[in-house]
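Quick setup: one chain, the form predicted on its own, written in structure tokens, and binding and motion questions come after.
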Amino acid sequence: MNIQEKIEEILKLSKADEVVVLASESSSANLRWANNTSTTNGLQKGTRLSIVSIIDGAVGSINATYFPSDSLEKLVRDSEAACEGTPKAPDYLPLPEGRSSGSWEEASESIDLDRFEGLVTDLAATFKKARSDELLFFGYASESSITDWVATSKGFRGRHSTLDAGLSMTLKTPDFKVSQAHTKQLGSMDEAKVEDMHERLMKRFEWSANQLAVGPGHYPVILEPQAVGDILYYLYSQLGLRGAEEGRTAFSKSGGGSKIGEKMFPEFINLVSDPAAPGLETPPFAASASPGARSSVFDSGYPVARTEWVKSGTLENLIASRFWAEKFGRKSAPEIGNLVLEGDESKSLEDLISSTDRALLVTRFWYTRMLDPQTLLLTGLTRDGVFSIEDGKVRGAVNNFRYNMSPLKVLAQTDELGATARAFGRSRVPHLRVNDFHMSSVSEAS
């Protein structure tokens, strides 16, 4: 049996009131290099199955990574048995009526090492340049494909396949005292541009020739897309309706309720999720293996579409399953697997730098943690280079910092947007110029 046939067999075997079956096949490849030479490569494949039985509103589920045909009935019975003694889910709703989405019968895509042939050729040329510059070149490249199938006892059949890639590159001096790193999220290995990334790293080496010591404080900053994505991830993780309506998040209104309808940011801030966003495509249907306020098993098969979270600076929607949206009298807006902060594609990083009198250029953050959900206050460290800008030019590299900042304040204090690029997960965000960013202390991290 192929995976689709196994799903249909599971639906036939089920004795539950309702059942949801989620299955996936994944395939990935990776390549590493160090000290100006390729080192290792690898292939990985995997499968996953979730059977969710719903009996009298109670939910029982079973997960498996290996599920031959003769094991299916036992898995079904185990999921049904998991409902026993379980109370009715508080957000129970009948599953949506069935429809079709995607090419159900198509197989998944297999990723092979030949996907890296062009990259290997480009790397050989870069190894040669690094040797001539007396530098050491390190890096990692990966590409992965995941195909998901979702089926319900209400007749829904959905399939969606995603392709993602990433490229991380580091140049170091032979004594390892100076290094520069750059990471790019890609739609596929076809988008990898080793030469462009190498040029960016060499530019950072040029900037690093002048080392400057800068103390903590509040600074104007230009954040590159990777840095913007690093903190917007936390904003999206808190963008839920239930928590806001119950007074538990930064999107809660003083006195009760959510801030939907309130202007929170400048007019040019638009934050959206769209299953059909070019290069960021995600399933156009909801799918989950458990109840929840943002994404619920009871929504599996429910269609999702472009949703504006922030429009012209105003909070328009918050993530909510059907049940919680109905409870609070709001529009249903299930979680969508991508995020877009619209930018100004006519403005490059160089344009932002040249129009800036004084600022710090921040390439990315790491070790980021939430300090206060009520304000979305984050803390973390800068990494991969911080640079000083004066009079429209980069004047040198500065030390790393620990920062304390809320992404809400970042967006509220943004005065200019630049061109967008892929960032965390399936997101696309712009360069931002922020007029006040709190670097709370100097970090010894390198």
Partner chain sequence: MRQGDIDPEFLSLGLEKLADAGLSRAKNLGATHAEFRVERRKSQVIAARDRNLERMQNVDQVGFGLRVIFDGGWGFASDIDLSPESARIAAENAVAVAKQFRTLNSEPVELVPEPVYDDIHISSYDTNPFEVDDSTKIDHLLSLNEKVLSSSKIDFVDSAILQVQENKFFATLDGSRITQQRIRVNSDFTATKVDKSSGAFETMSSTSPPLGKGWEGITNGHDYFLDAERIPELLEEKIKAKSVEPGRYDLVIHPSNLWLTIHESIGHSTELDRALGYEATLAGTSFATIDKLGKLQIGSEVMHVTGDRVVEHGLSTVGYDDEGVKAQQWDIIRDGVLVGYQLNRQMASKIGQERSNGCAYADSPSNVPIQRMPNVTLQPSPKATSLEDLIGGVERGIYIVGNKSWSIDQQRYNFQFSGQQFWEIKGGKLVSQLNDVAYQGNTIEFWNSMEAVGGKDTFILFGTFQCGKGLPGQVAPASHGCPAGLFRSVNVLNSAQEG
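Just so we're clear, the structure is a prediction, and the values are computed from it rather than from any experiment. If you superpose the two forms and keep the largest set of C-alpha atoms that fall within 1.5 Å, you have the rigid core. Positions refer to the first chain, counted from 1.
Below, we refer to the form predicted together with the partner chain, which is not included among the displayed structures.
Proximity of 27, 236 and 395 to the partner chain in the predicted bound form is absent: no residue of the three has a non-hydrogen atom within 4.5 angstroms. Checked against the partner chain in the predicted bound form, the candidates 264, 202, 93, 124 yield a single residue with a heavy atom inside 4.5 Å, and that residue is 124. Of the residues given (290, 312, 348, 188), 290 alone sits with a heavy atom within 4.5 Å of the partner chain in the predicted bound form. Contact with the partner chain in the predicted bound form, judged as any non-hydrogen atom within 4.5 angstroms, is confined among 364-372, 279-287, 95-103, 207-215 to 364-372. Residue contact check for residue 64: one or more of its heavy atoms lie within 4.5 Å of the partner chain in the predicted bound form. Contact check for residue 138: a non-hydrogen atom falls within 4.5 Å of the partner chain in the predicted bound form. The partner chain is not shown here, and in the predicted bound form it never comes within 4.5 Å of any heavy atom of residue 388.
Contact check for residue 131: a non-hydrogen atom falls within 4.5 Å of the partner chain in the predicted bound form.
With contact defined as any non-hydrogen atom lying within 4.5 angstroms of the partner chain in the predicted bound form, the contacting residues in 21-51 are 30, 31, 32, 33, 34, 35, 36, 37, 38, 39, 40, 41, 42, 43, 44, 45, 46, 47, 48, given in sequence order.
A displacement of less than 2 angstroms separates the C-alpha positions of residue 249 between the shown form and the other one, with the rigid core held in common. When the rigid core is held fixed, the Cα atom of residue 94 travels less than 2 angstroms between the shown form and the other one. In this overlay on the rigid core, residue 138 has a C-alpha that sits 2 Å or more away from its partner position between the shown form and the other one.
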